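The chain below stands alone and is given in structure tokens; this is the form predicted alone.
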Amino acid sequence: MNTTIRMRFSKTGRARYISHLDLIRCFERAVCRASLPAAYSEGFHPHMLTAFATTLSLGFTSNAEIMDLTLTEPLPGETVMTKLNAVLPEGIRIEEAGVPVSKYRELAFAEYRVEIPCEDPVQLAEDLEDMLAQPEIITEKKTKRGMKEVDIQPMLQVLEVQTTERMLVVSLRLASGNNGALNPSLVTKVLLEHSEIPAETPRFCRTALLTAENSKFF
């Protein structure tokens, strides 16, 4: 009887440049190298039964990625985690593993830490506050049907704002589910268009995936 193990893994360092498709292949190779009893689909082109809660934009780091692996025999999560960590490449590491509780359709929010190097972080923080005070934040967003004007205000929540001498650091909670998802790069794009402060390329790290009740997805 098949059983499913859910894993939370981090993606850091040079691994942030691994695309989602290559990430799937990376895990498939690691599962084989670890000699785990992976389950496969049926048919002419069987594939390993894996599933990811959501994709991560290229260049982003994360310590909150979620993957399910279906096995043909039960194994403790700790065993699966240890075996995979022994063969995964640098920058990808399983942080915890166990039995799934939430279904993927229950995923509702993602949290991010965003670092924006700039000349005047204090002024940029004020510009962010001004932007958030607007009744609507209208911008173009890519959808399955092409570019579309949307109001990202209801999809956006700022949890914390910090400033250093040369950087604005913002913690965001954004919509991330079947009812819509907001990429933090779009938020920073709108902010930098709203502000006149020169800034360098922002850095993004996904820090959590949450359910609609704001509880940890795994």
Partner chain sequence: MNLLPRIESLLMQVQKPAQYIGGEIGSMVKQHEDIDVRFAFCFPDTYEIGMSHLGMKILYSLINERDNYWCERVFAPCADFEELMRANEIPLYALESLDPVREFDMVGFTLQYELSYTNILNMLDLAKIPLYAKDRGESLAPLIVAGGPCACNPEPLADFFDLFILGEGEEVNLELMDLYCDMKKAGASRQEFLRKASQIQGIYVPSFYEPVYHEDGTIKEIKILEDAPAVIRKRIVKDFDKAYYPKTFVVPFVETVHDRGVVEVLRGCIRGCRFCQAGFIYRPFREKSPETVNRQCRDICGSTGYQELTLSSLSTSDHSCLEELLTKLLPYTEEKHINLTLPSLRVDNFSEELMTKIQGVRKSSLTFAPEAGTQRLRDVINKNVTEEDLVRTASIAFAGGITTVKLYFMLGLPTETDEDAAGIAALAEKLMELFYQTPGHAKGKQPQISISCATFVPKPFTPFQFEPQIQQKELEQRQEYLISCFQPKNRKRIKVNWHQYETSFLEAVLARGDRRLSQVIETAWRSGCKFDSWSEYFHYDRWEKAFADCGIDPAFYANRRRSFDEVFPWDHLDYLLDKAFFIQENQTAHKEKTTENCRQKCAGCGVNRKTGRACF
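Numbering follows the first chain given and starts at 1. Note that the structure is a prediction, hence the values are computed from the model and not measured.
A second form of this protein, the form predicted in complex with its partner chain, is not displayed here; the remarks below concern that form.
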Checklist outcome for this item: Only one of 62 to 70, 148 to 156, 28 to 36, 165 to 173 sits within 4.5 Å of its partner chain in the model of the complex by heavy atom distance, namely 28 to 36
Item to check | Position in contact with its partner chain when the complex is considered in the model of the complex, options Ala208, Ala199, Ile18, Cys205, heavy atoms within 4.5 Å | outcome: Ile18
Checklist entry - Which residue, Val114, Leu75, Met131, Val87, has a heavy atom that falls within 4.5 Å of its partner chain in the model of the complex? => result Val87
Item to check | Met48: touches its partner chain in the model of the complex, heavy atom cutoff 4.5 angstroms | outcome: yes
